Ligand code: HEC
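This document opens with one chain alone, in structure tokens, the form predicted on its own.
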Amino acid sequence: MKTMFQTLLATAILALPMAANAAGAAGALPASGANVNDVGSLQRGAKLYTNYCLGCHSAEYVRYNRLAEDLELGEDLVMKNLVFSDAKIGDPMAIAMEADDAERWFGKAPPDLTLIGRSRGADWVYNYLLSFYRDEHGAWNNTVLQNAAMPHVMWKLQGIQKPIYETHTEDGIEVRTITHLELETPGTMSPAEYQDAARDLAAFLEYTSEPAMLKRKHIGVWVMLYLALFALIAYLLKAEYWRDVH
């Protein structure tokens, strides 16, 4: 019994630095505030994804009927507002574009984004969506992912940003770096509204990377309570068994 208690304690202690490292990695970029438990935010993110992203980027590990259930939309509403192809409610969120055609048109087929929220993190997605700008050649670029092949598909919402440069000398060589971005041409949304939209889309992509997290986190609370109760009972049982020994 003592060995089991020590094992549980050691596991909990080892989990602490792992959580701290994850928090430190996420802190490299400004926090998005994305909340996968906010169903309204996920619904708005799904709308943005299907309207602005799904034309090129599939989410093939998520099916529309799962989306309808988890986001509390219902199948009819999903089919009417989120499906723009001949896909059926049980189909995955695929794109009509063939991979060979995409590679020929864009140079590289746009990747599936189902797991981007897990691999990059919601904070990265959020800041990436906020960081597009027009360079001096009129091409789209991004301060989070320089020379990204993806254009700014949501520019009508955000508007057009321009980079503000700072020149300094390193080892006798002049280097020009971007200090910040300024909104040059307003979009249909205010900056605050666009930040909310980017947050919703980041939350949705965090959800698609692990749809089970909605239920897992809810069940996890009860699991921890059960383990705490079990540990108490185990300790009392151990004390009862060893009372006569002492």
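A quick note: this is a predicted structure, and the numbers were derived from the prediction, not measured. Numbers for residues come from their place in the sequence shown, where the first is 1.
Omitted from view is the form predicted together with the ligand, to which the following refers.
S.K.: For the chain seen here without its partner, which of 28 to 36, 217 to 225, 65 to 73, 45 to 53 has a heavy atom within 4.5 Å of the ligand in the predicted complex?
M.R.: Careful reading of the contacts points to 45 to 53.
S.K.: Exactly one of Val144, Ile89, Met154, Ile95 has a non-hydrogen atom within 4.5 Å of the ligand in the predicted complex; which residue is it?
M.R.: Filtering the options by heavy-atom distance leaves Met154.
S.K.: So in the predicted complex, does any heavy atom of Val83 sit within 4.5 Å of the ligand?
M.R.: It does not: once the ligand is placed as it appears in the predicted complex, Val83 has no heavy atom within 4.5 Å of it.
S.K.: Quick one: is Leu205 in contact with the ligand in the predicted complex, heavy atoms, 4.5 Å cut-off?
M.R.: Leu205: contacts the ligand in the predicted complex.
S.K.: With the partner left out of view, is Leu113 within 4.5 angstroms of the ligand in the predicted complex by any non-hydrogen atom?
M.R.: Within the cut-off, so yes.
S.K.: Taking heavy atoms and a 4.5 Å cut-off, does Phe106 contact the ligand in the predicted complex?
M.R.: Answer yes; at least one heavy atom of Phe106 falls within 4.5 Å of the ligand in the predicted complex.
S.K.: Select from 113 to 130 the residues with a non-hydrogen atom within 4.5 Å of the ligand in the predicted complex and write them out in sequence order.
M.R.: Read in sequence order, the residues that approach the ligand (within 4.5 Å, in the predicted complex) are Leu113, Ile116, Arg120, Trp124, Val125, Tyr128, Leu129.
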